[in-house]
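Take a look at this single chain, the form predicted on its own, given in structure tokens.
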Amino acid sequence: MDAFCVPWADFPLPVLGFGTRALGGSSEWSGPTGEEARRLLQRAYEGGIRFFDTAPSYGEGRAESLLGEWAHEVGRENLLIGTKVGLRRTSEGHYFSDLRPDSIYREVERSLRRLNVEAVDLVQIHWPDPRTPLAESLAALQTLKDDGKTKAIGLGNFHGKRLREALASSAVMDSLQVPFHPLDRRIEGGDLPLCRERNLPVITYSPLAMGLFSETEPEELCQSPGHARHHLRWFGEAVRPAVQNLRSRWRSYAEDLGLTLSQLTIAWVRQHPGISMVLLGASRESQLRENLGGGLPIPKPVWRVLRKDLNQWQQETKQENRAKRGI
């Protein structure tokens, strides 16, 4: 598996990481708990993964606790852990962003206790908070780094103007984590070139569009109210035929290469210049084994065909939407 180097890692990082959103189970994302979750982490480690991404909101804190228990067993020095700050939940179950410095400090202390460590390797902002001055939030992150609570600090889900503002601050950012998959290519326009220019590692998540580019058919994916997929327009009935059309085309390309749709899509994400790491998610060991096969490069001619096909599909979809609206 290819690797890249960053100052805050004691060893080269494989290009595939593991996201723990499914661990611990919750109303918004069901997933493994207990020994089943630890086996999944172990399989990821045995598959070459060394970076494990988590957050206080994953499994309502249980993902951090499970990861911390397993990391102690396998040896903390053998892996890297990243967590996040800024996403809090009301008593009614609604999430909101809170990046006030005091809130950041409290969250990190709680995460360290759940993970059973004195410091993590990376702390990232989970989502921007429009109510708190960005400079205050970034200064708090820098304090965490200066105090030895984390080796590195980063941004999550920052785009465009907001990303440029953060990178212009006095705090030195060590990473950017954003979604990237065939249906969400926002970073291709200006964000990815900017990060390449700044030598800022880009970590991408949701490469399979929350399962839409896996072997599971869209109608089989849980979209009940309260689930993380429920609010995404990609799962709506209005766009389902267009998405299904693209999936079918990409599955055909995958079969020609002897790959699954998941493996082809992960490889496509991975091969974009400027992408440092792709976070894999999985709820079952079978999913993880399949997804680990997506780290290998695909032939450049096929990569270009995929890009051309996707551009054409997006243009066709835009035209269809205009026609439906009578524009």
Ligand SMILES: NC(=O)c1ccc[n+]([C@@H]2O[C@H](COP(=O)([O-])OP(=O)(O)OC[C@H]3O[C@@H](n4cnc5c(N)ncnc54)[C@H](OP(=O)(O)O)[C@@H]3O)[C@@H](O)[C@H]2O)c1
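We number the residues from 1 along the sequence you see. What you see is a predicted model; the values in this text were computed from it and never measured.
One more form of this protein should be noted, the form predicted in complex with the ligand, which is absent from this view; the next part is about it.
Undergrad: Please identify, from 41-49, 288-296, 64-72, 268-276, the stretch that has a heavy atom within 4.5 Å of the ligand in the predicted complex.
TA: It is the stretch 288-296.
Undergrad: Select from the listed residues 200, 144, 208, 187 the one whose heavy atoms reach within 4.5 Å of the ligand in the predicted complex.
TA: Of the candidates 200, 144, 208, 187, 208 is the one lying within 4.5 Å of the ligand in the predicted complex.
Undergrad: Using a 4.5 Å heavy atom cut-off, state whether residue 177 contacts the ligand in the predicted complex.
TA: Because a heavy atom of residue 177 falls inside 4.5 Å of the ligand in the predicted complex, the answer is yes.
Undergrad: With heavy atoms only and a cut-off of 4.5 Å, decide whether residue 19 touches the ligand in the predicted complex.
TA: Residue-level check for residue 19: yes, a contact with the ligand.
Undergrad: Is residue 281 a contact residue for the ligand in the predicted complex, using a 4.5 Å heavy atom cut-off?
TA: Result yes; residue 281 sits at the interface with the ligand in the predicted complex.
Undergrad: How about residue 26: is it within 4.5 Å of the ligand in the predicted complex, going by heavy atoms?
TA: No - in the predicted complex, heavy atoms of residue 26 and the ligand never come within 4.5 Å of each other.
Undergrad: Residue by residue through 112-133, tell me which have a non-hydrogen atom within 4.5 angstroms of the ligand in the predicted complex.
TA: Heavy-atom contacts within 4.5 Å come from 126, 127.
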